[in-house]
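The chain below stands alone and is given as structure tokens, in the form predicted alone.
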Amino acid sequence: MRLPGLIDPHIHLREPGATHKEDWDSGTSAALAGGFTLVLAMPNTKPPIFDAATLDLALAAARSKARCDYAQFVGAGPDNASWGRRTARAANTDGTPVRDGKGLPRGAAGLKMYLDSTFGQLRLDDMTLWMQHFQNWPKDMPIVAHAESRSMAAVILMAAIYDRPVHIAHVSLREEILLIKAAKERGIKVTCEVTPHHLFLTQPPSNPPLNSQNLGEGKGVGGGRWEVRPRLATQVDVDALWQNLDVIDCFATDHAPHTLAEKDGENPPPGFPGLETALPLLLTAVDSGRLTVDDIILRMHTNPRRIFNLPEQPETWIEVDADARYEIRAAEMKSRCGWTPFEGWKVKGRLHKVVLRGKTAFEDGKILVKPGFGINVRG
């Protein structure tokens, strides 16, 4: 079965600052192994990506290491809200940003606003700062918000006030999906994404396993391995997401790798790896009748391209053996973190080949393109 190249608008590659977890090489290898030909990286690195210098730092690493196509978000901070008024033109053909004075580079994927529980230096608690970013960020460039529950309601209000689109990351709760549904019905320019782990996992102790629709027989994870933001929700919340699929614009992994030593240690950081498990989980849902292949194409290709103004990738597609049955094993994955919350899950549907810009980039478990093959789509 041939599908278009998948797009993940929400991943964390940990470079700069924490490459023992993941870097542009290992992360984009994992992306290709998951069927993704284009990924958008988040800015909460060390240092965070929030100005021209730090964006250059991330893009320099990507140019030399990325194996699939990519773009890099910049973060909204307390001191850069005025930059949107002095926006640079575009990026050079080699991916380096062209600037107009001190303007924020147009080479960014978009603006990420952290408005709720998160790790790092980019959380914004002052709503007057939200207003400045909404007012000044160019309307033709995306704003993505990590906003949960009441803060999500507030950021949707901002979208209505400033009549500009906002994309809500990793929706997980019944109240959130119903609010987004109501906002869309009233013409507010809001879109949203849901992660596979919020579709298939519930908060402990009801896991493991989740097998209500024969989606898998998970052995589950425990302790710090459950830590993720937003947190895993109840079965009622999971059911509400499935019941409102028409409200969900994108499936995004929020690939957030940490090592097992970190997850099993004291003060475990939140986050799950997800690039290599999303497609088989969703294809298994197709097999059980909960999704269609068209649902996957819409939410993992068509809508991400539209929402984030992404260019077409010529001569790009993936091939899937829809009948292959196997168990998910972290030992077979490309991600540097070395574990998955879906270890042992039985799935149906295995990626066979990825063709990116006319070149076979992945086939039967092997990465076939070198670091640096990926291009910056904002270039």
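This structure is a prediction, so every number in the text was calculated from the model and none was measured. Just count from 1 along the sequence shown to find any residue number.
Unshown form predicted in complex with another copy of the chain; subsequent notes refer to it.
For Tyr162, a non-hydrogen atom is located within 4.5 Å of another copy of the chain in the predicted complex, even though that partner is not displayed. The closest heavy atom approach of Arg174 to another copy of the chain in the predicted complex falls within 4.5 Å.
Put simply, Phe200 is far from another copy of the chain in the predicted complex: not one heavy atom of it is within 4.5 Å. Within this chain, Asp249 is remote from the site of another copy of the chain in the predicted complex, having no heavy atom within 4.5 Å. This chain is displayed alone, yet in the predicted complex one of Phe308, Trp137, Phe73, Trp130 has a heavy atom within 4.5 Å of another copy of the chain; that residue is Trp130. Interface residue among Leu232, Leu115, Ile296, Ile143, judged by heavy atoms within 4.5 Å of another copy of the chain in the predicted complex: Leu115. This chain is displayed without another copy of the chain, yet in the predicted complex the stretch 176-184 from 257-265, 286-294, 241-249, 176-184 comes within 4.5 Å of it by heavy atoms. Annotation for 143-175: interface residues with another copy of the chain in the predicted complex are Ser149, Arg150, Ser151, Ala153, Ala154, Ile156, Leu157, Met158, Ala160, Ile161, Tyr162, Asp163, Arg174, Glu175 [heavy atom within 4.5 Å].
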